[in-house]
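Before any questions on how it binds or moves, here is one chain, the form predicted alone, in structure tokens.
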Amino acid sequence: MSYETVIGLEVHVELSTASKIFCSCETTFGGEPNTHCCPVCTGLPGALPVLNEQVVDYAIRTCLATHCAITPLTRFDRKNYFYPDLPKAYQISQLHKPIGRNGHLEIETAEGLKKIGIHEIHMEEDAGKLIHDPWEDCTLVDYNRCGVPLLEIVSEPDLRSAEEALIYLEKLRSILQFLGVSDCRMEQGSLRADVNVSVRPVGSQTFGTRTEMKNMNSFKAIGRAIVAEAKRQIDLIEDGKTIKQETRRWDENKDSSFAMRSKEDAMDYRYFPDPDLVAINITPDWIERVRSGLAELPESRRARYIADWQLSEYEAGVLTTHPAIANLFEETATLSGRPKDAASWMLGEFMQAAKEQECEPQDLHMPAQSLATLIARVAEGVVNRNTAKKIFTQILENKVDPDAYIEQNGLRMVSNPDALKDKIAEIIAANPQSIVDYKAGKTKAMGFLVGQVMRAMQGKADPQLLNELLKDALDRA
């Protein structure tokens, strides 16, 4: 029998607000344990929450970008459960009136566009972090993350493969980054997902029993976990066993999951409206104010790059994977007036540098003016591309000014025909066999001599002029 995998994702996004959702504590990642907390976020008796308005603004942005209907009168509920990283023994979340409902994203699959429904978006506070210390055989609690604002974006069970799930996640992450609501650094937990998986016979309209894998913060792990969990469930069904509705934990090292606890339903959390927080009236004027300030999203930018700057779909697609890449490209293209060259440097040297340094694009030091200047100097023939690559590295690592670095290090390209002719004559005289090889039709001889001249001139010879003069000298030899 053939089976179909059914996947739903609950994506948790930490918002990039300066302070927490219900208090003024900072949200900066890191810091010494338990230094970013106060009586409110640690749940001390008598402390009362006050809502951070920017959290609601960011939630409205996200609802608009994902085509969600915004709830005019939204409110917070208490989700009751006991866990050591939750000092109040309840989490302030939303159940009955979440801020957004019934949205969707369209993803590009092998079969074409597919609409993935978004069941709801709700606001809530994050919990603390448990740190397990195997040496001391104990567990420590860091409450710095308690009260950091979260959006939970809950998809409909419309995804049918690990590939579709990852495409959806990548698109959602890109939108959130361009909106400016989150940095989505998965390694820091700013974006993580609970993955719900079930299987059913192909053609069946009845959902199977689902399991959930919690707090996954790696695309690679999510893809592997979906494949492994679907296989586990199919094996159980074919062995005549029952799938239990449960929460499972993914073990990356063993490439498998294991049961943690039975899966809770909403009734298990005993939700009720939070008595300390009033309902929020989201007016049409508020929505329009947020809408008018929305950043241009990746799809719109891609279309504009193709139409206005004649970039290929591939180039435009890569340049809009992250706002730091898109913003640097646009500014560089505008300053230099050479968008194709700007795209080439971004897709080549810039992306390679980010990969080598294993960092996010915004972490690289590359001022648009410096890159635009470098592009102009190559176009003007001041330096060749190989020399420019070395200058690019110096800008990244040492924050040099490209023009000053060129002058201080004598990197201007030699375009004087007489100087080049003298060096060519010297190299040819030192390599007589190359003349014989060239006359015999061996094209590699020309390349060898070009390399020798370039080496002798420390890479500063004008490549086009060098090739012309060298060919002329060999033809006359």
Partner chain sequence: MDIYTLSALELGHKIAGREISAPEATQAMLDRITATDQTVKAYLTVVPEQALAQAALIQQRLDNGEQLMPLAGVPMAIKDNISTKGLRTTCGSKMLWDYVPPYNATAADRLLAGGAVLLGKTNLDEFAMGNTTETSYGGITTNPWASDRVPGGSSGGSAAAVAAGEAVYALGSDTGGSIRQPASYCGVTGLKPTYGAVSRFGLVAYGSSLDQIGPLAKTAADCGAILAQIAGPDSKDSTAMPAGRNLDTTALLKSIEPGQSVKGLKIGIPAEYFGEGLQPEVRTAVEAAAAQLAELGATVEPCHLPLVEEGIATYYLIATAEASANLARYDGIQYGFRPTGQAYEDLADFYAQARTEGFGPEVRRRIMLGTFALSSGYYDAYYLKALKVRKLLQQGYREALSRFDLLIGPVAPTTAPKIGTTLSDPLQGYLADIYTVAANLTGLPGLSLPCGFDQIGLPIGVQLIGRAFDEATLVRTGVTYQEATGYHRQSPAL
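Since this is a predicted model, take the numbers as computed values, not measurements. Numbering follows the first chain given and starts at 1.
Absent from the display: the form predicted in complex with the partner chain. The rest refers to it.
Within this chain, Gly43 lines the site of the partner chain in the model of the complex, having a heavy atom no more than 4.5 Å away. Proximity of Ala429 to the partner chain in the model of the complex falls outside the 4.5 Å heavy atom cutoff. The closest heavy atom approach of Asn80 to the partner chain in the model of the complex falls within 4.5 Å. Among residues of the shown chain, Ala89 is one whose heavy atoms approach the partner chain to within 4.5 Å in the model of the complex.
A single residue from the set Lys214, Arg185, Lys244, Arg270 has any heavy atom within 4.5 angstroms of the partner chain in the model of the complex; that residue is Arg270.
Of the residues Gly381, Gly317, Pro84, Gly189, just one reaches the partner chain in the model of the complex with a heavy atom at 4.5 Å or closer; this is Pro84. The candidate stretches are 155-163, 270-278, 335-343, 400-408, and the one lying within 4.5 Å of the partner chain in the model of the complex by heavy atoms is 270-278.
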